[in-house]
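Below, in structure tokens: the form predicted alone, a single chain.
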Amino acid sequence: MGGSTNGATDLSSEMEVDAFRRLFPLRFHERHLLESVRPDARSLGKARETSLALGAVASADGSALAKIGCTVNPTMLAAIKMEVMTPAKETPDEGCVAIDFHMPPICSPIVRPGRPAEAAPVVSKQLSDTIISSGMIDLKELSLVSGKAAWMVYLDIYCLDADGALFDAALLAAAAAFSHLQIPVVSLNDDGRIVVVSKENGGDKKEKNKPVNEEKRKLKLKNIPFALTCILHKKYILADPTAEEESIMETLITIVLDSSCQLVSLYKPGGPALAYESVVQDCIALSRQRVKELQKVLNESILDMEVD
């Protein structure tokens, strides 16, 4: 009898906490901040557990799944397709990278079918600016024949679970997909055009078809960028916020560091809290720690892929 009474009391208490959380979300979170802990039991400066799986899309030239936190579903899916293009006259020895970030309705209740998510083009622009400005990819490596042929890289990133810090997760998935990327084999056909050598005819190469590259190769990456978004609320800094935390405490700051911990960019899209120099330095210190964590996760995923 006593056990059932305790069970009913616990259930009632849980319902009261949940009701308080829904009715007074800011007060609920601030009570946790006073104890320097968050509702998911993380300390204020701790990011969520992260994992990567390379080669998630068999038909892509490079792909990766990123999972942030304890959700059942993966957070981000990144896939790369390569096509041969004619390079621009201004950059005859360079290829090009096009990035699209997608938020299908499955990723969040606030994304409605038929209506593009407002965050999608913003994240797409951030990703493009960051990947190019970081120097991670040397566009000259994408050149095939100067002035005539180069690679056009299409990177599509799909958000599968929008639970905060979307840019951070998308950038990680992008870096992982580029790490997995294998540049296809191409050759010159009878008409002097560059063609991709498919797996079916790859073993039947005619001597008159001059190979441009003999075998698939990896893209050389350097200065891989990693991001950490923090929430600034009163005197507190919360690393890697959830969607709920972002909706309640609106001041965000995103720090992007490369693999050498050099600052690539700092992004603060408004918000009531001021980013004083000391606060920015604290965020950068948290970002340095996050870079070490993400580099380890990325390196382990690459090793797992090589073993498989």
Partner chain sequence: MDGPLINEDRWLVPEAYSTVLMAPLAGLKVLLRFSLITPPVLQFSFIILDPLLLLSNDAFSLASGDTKVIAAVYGPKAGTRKNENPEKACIEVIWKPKTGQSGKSESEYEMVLKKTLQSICLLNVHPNTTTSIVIQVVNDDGALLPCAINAACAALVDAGTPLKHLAVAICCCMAENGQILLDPSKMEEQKVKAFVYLAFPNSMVSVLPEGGKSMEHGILTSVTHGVMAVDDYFSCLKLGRPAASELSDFIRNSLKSKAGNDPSKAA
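Remember, it's a predicted structure, so these values are computed and weren't measured experimentally. Numbering follows the first chain given and starts at 1.
The same protein has a further form, the form predicted in complex with the partner chain, not shown here; the description that follows concerns it.
- Although the partner is absent here, Ser134 is a contact residue: one of its heavy atoms lies within 4.5 angstroms of the partner chain in the model of the complex.
- Interface membership of Ala239, defined by any non-hydrogen atom within 4.5 Å of the partner chain in the model of the complex, is ruled out.
- Taking non-hydrogen atoms only, Ala275 approaches the partner chain to within 4.5 angstroms in the model of the complex.
- At a distance threshold of 4.5 angstroms between non-hydrogen atoms, Ser36 is out of contact with the partner chain in the model of the complex.
- With the partner left out here, the partner chain still marks one of 28 to 36, 56 to 64, 277 to 285, 41 to 49 in the model of the complex; by a 4.5 Å heavy atom cut-off that stretch is 277 to 285.
- Applying a 4.5 Å heavy atom cutoff to the partner chain in the model of the complex picks out Ile99, Asp100, Ile110, Arg112, Arg115, Glu118, Pro121, Val122 from 88 to 123, in order along the sequence.
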